[in-house]
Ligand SMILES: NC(=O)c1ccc[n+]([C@@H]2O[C@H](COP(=O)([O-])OP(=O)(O)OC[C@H]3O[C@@H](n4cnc5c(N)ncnc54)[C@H](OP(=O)(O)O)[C@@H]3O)[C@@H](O)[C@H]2O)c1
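Coming up is one lone chain in structure tokens, specifically the form predicted alone.
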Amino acid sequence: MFKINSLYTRRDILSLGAGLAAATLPGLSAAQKTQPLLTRLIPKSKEPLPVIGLGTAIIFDIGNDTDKRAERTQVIHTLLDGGARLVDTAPSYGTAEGVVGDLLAAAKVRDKVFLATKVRSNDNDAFIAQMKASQQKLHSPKIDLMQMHNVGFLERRMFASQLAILREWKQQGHFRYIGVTHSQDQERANDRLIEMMQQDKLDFIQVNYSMAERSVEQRLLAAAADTGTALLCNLPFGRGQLFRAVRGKAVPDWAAEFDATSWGQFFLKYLLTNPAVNAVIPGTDKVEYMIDNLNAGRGRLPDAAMRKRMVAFIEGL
């Protein structure tokens, strides 16, 4: 498998200069120039959702920093202008949830955003209080998607009790969709998550999925498709492992066959090839990265044979 001990990130790779032609943000392919952003239907409702979203962990944890808030506002505008809608946050992301709410309200774009957040507590009263706090911080009494956070090892009785609360809130109109997430020790949690999808008729599930963490390919993706559960991919760059692995390397020429003109597009298109994936939610604080992510949702996607070639290439690094 590829080496992950380099300290270089996507930002380093994209700023190394003209000497690495594939490392800079390239122009669009012909297909990307002419095709709109790909959307996929949410299975439970058939609502179309663009395949590229925005995660807010760490990068939106900026408090009241005026300059950073202005920069993140431009990222949100770029997301929307590019045809995407999904913004995902959580109370556990420091100040990120409140920052997202403030920026959407100030820019008057809340109605254009598919807004997702999360809730986690071992006490039902605190669970409810946290959801009420999220409504306040997000300046939004109605949230598109509320997700129980990191539930892979949550005791079954507690899970059932809190899922019942989510269902009640959904019925009351507070949420349009409900679901669960998991982002810790993904491989060990997959069986439990499959059980939840099969038994509990969830609207959404959010899991770690990247070319650096592919355990969900074994059974979970198929289970999501079989149960009609929309699937979101967090950490699609493997916490930066993938960009560190390709530092100094050009995107292979054959990536043009699926319109990948940057490493970011290479990594995201691999995930989007599976029809069970409704959207990927990479985090970014730069407009140019947001544009690059959006372009992964345009043009052709790799076929099964090409996916195998992509995996072999990355594993050979």
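Nothing here was measured: the structure is a model prediction, and the numbers come from that model. Note that residue numbering follows the sequence shown and begins at 1.
There is also a form predicted together with the ligand; it is not shown, and the following applies to it.
Segment that reaches the ligand in the model of the complex - one of 179-187, 138-146, 105-113, 157-165, heavy atoms within 4.5 Å | After filtering at 4.5 Å, what remains is 179-187.
Non-hydrogen atom within 4.5 angstroms of the ligand in the model of the complex for each of Gln206, Phe243 and Lys286 = Yes: Gln206, Phe243 and Lys286 each sit within 4.5 Å of the ligand in the model of the complex.
Name the single residue among Gly94, Gly101, Gly82, Gly238 that comes within 4.5 Å of the ligand in the model of the complex, judging by heavy atoms.
-> Result of the distance check: Gly238.
Wondering, does Ile281 line up within 4.5 Å of the ligand in the model of the complex on heavy atoms?
-> Yes, contact at 4.5 Å.
Report whether the minimum heavy atom distance between Ala57 and the ligand in the model of the complex is within 4.5 Å.
-> Contact check for Ala57: yes, within 4.5 Å of the ligand in the model of the complex.
Are any of the heavy atoms in Gln130 no more than 4.5 Å from a heavy atom of the ligand in the model of the complex?
-> No - in the model of the complex, heavy atoms of Gln130 and the ligand never come within 4.5 Å of each other.
Quick one: does Thr78 come within 4.5 Å of the ligand in the model of the complex, counting heavy atoms only?
-> Outside the cut-off, so no.
Sequence order please: the residues of 98-127 with a heavy atom within 4.5 Å of the ligand in the model of the complex.
-> Heavy-atom contacts within 4.5 Å come from Lys118 alone.
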